[in-house]
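There is one chain below, alone, in C-alpha cells, taken in the form predicted alone.
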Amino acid sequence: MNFTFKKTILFLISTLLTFVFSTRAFADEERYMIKDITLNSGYTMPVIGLGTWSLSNDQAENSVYHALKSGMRLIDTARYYRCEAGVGRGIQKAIDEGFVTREEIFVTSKIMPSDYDRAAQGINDSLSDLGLDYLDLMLIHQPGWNDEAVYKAMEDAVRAGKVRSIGISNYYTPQAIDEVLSYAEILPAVIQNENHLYYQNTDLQEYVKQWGIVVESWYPFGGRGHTGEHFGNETIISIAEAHGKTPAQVILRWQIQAGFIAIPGSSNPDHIAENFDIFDFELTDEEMASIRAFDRQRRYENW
C-alpha cells in the first residue's frame, strides 16, 4: 500500500467519523430541543429568554444584543424597569447586524401600576421607547385598582395591531384568575409569576391549562440574594455533575421540561450564553421528581 493510498484511506475514515459524530450530535440536539410554545392567541413563544429587571439602559442594550447573538429570541422588559429604550437599541443593533429579524424576536413588556389610569398611553409609550411597531406580549404588571380597565386597554391594543398577545403578572390564585376571566373578552395567554425551586405553584399551572394559559417564571434562580441557595443545592449540584452542566443550566432545564417559560436576568454575556445552552441534555424522570420535591410554597417577594 503506497503512501498516497494510505492518506486517502485515512482521509475517508476521518470524513466518515466526522459525519457520524456530527449526525449523532444533531440527532441529540433534535431530541433534547423543546419547541416554542403555541399560545392560545395562536402565536408562538420561546421557552427561554432574557429578563431585564434592574438593568440600566446601557446594560440592557448590551445584554439584549448578546442574548440575541447567543440564540435567545425572547426578551422581557417592563415600563417599571425604565430600560425599554436600551432594550430597543439592543434589538435594533442585532437586526442591523443581520443575524436576526424583528419577526424572529418575541418582546414582552408590562404596564406599570402608575400607568393603570392611562393604560392605552402606557402601551404607546412602550412601543415608542422600544422603537417597535408592535409588542408580542403585554402584561398587567401586578394586580391594582383598575385591572379591568387596564385589561380592556390591552384588548383594544390587540384589535389595533399594536399587541399580539396579552396576559397578567403576579396573579397567584385560581380566584385571581377567575376574576380576570370574568371580564376578559380575549383570554390571557401568559401568566408571569415568581417561580423557582422552592415555589413551584404547579396547582396554578394545572388550573390554567384548561384555557391554554402558560405560566412564565421570573426569578427562576430565586432572585438576587437567593441564587447562592439555589445553585448550592446539593441535589442540583449532583445532577449538574452527572450531565456535565452547571446548576443554573439544570434549574432552567427543569423549568422548561416542567412546562414553564423561564426568563433569567443577567448582564454578563457569558452567563447569558450559558443560560441558553440547555438543549443538549435532558433530565430523567427521577431527577425531575427529586426537584419537584423541593417545593415549599416559599415566595421571596410579595408583589
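One rule holds for the numbers: they count along the sequence shown, beginning at 1. Here the structure is a predicted model, which is why all the values come from computation and not from measurement.
In what follows, reference is made to the form predicted together with a small molecule, a form of this protein that is not presented.
In summary, the region of this chain contacting the small molecule in the model of the complex, judged by heavy atoms within 4.5 Å and restricted to 125-133, 145-153, 206-214, 225-233, corresponds to 225-233. The small molecule is not shown here, but in the model of the complex it comes within 4.5 Å of a heavy atom of Asn170. Although the partner is absent here, Lys69 sits far enough away that none of its heavy atoms falls within 4.5 Å of the small molecule in the model of the complex. The small molecule in the model of the complex is approached by Ile263, whose closest heavy atom lies within 4.5 angstroms of it.
Remark: Asp76 counts among the residues lining the small molecule in the model of the complex, judged by a heavy atom distance of 4.5 Å or less. Among the residues Ala60, Val47, Ile278, Ala248, the one placing a heavy atom within 4.5 Å of the small molecule in the model of the complex is Ala248.
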